[in-house]
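Form predicted on its own, single chain, as structure tokens, below.
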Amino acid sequence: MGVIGKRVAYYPGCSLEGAARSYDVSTRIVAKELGLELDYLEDYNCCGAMESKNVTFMGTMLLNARNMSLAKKQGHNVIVAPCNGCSFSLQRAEYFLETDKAVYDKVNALLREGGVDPLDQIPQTYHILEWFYHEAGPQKVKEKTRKPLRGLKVANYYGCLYTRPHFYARTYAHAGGQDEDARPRRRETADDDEHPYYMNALLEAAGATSVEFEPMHTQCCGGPHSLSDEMVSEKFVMMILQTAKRNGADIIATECPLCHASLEMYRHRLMMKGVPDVDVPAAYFTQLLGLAFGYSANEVKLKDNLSDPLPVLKRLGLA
């Protein structure tokens, strides 16, 4: 524990200052309780994960390099992001800037042309779940828990971009068969690629019980396809929700605003169609940790959740 740093540049991305405001609020609560400090990244821009990744490679490199330059200007060598798409985009840029000198030189030239400080050092980028796990960890969560999530059965949903692909996410190979030494950028801070457990460990430390949820825990939610192919997204969400329900979950814990929105919106559509076993509400893992730390449902903004987890939490005396 304690290998990333207790004060980092915080990149909320577009979702956490919009539809996922509850994730932003609860993230700040959890960080404060765990003794960690988020330094808001001033004047940040979109990471380009959804809008430009497949259109312009250099454009997405530049977008993320600019955010890295801003972080350096604020005195940080580490950036954390709570969104899978944002952390993926930052980590992808970090990878190419570190490993491809032609990309690094071109991006720095573009930064100079735009009046932004070039990068003399590439900041390290993490998902906020990794940061919480390594800078606080289950023991600190346990110490801070005032109202244990006792009786709450949780399906921990990580989504597809948190652990993959290896070159960007730097995840630890569980069963891939590849020699660990051959991995170019493995970190001691990486989660398991096929069986991520950081969220399980933190919520279990807060008193919750994890239910069997594999392999759906890293199944794509279909969010990126929600405009181009709704039926694909709906089917993916149905598979995720039904697996959680049939394995006894009271709630699905999420750590990505796009995944969270996809699960909630398609849950509603599936329920309207009378599809069985899909009535599992979702909550950000930070909202659940906030409850365990003694904050109220209003303070962690549970009423903002479309799928309304309050009936389940009230039944268990947790809200």
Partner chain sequence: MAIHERSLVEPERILRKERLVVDGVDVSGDWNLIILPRVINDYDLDFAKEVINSPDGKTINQCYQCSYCTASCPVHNYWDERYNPRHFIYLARLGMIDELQKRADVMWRCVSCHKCTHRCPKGVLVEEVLKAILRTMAKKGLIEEYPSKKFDKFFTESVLEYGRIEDGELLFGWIEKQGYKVFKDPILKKPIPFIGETPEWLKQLTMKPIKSMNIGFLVLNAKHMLFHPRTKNWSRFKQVLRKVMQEEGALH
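Numbering follows the first chain given and starts at 1. Keep in mind the model is a prediction, meaning the values are calculated, not measured.
This next part talks about the form predicted in complex with the partner chain, which is not shown.
- For the chain shown alone, A136 is not a contact residue for the partner chain in the model of the complex, no non-hydrogen atom being within 4.5 angstroms.
- Looking at R92, you'd find a heavy atom of it within 4.5 angstroms of the partner chain in the model of the complex.
- At the 4.5 Å threshold, heavy atoms of F213 stay clear of the partner chain in the model of the complex, well away from it.
- Taking the partner from the other structure, the partner chain in the model of the complex has a heavy atom within 4.5 Å of a heavy atom of D193.
- The single contact residue among C160, L97, A205, M238, judged by any heavy atom lying within 4.5 Å of the partner chain in the model of the complex, is C160.
- Only one of the listed residues (M265, V280, V275, L34) places a non-hydrogen atom within 4.5 angstroms of the partner chain in the model of the complex, and that residue is M265.
- The candidate spot formed by N45, E113 and M231 is fully in contact with the partner chain in the model of the complex: every one of the three has a heavy atom within 4.5 Å.
- From the list 26-34, 58-66, 288-296, 248-256, the contact stretch for the partner chain in the model of the complex under a 4.5 Å heavy atom rule is 58-66.
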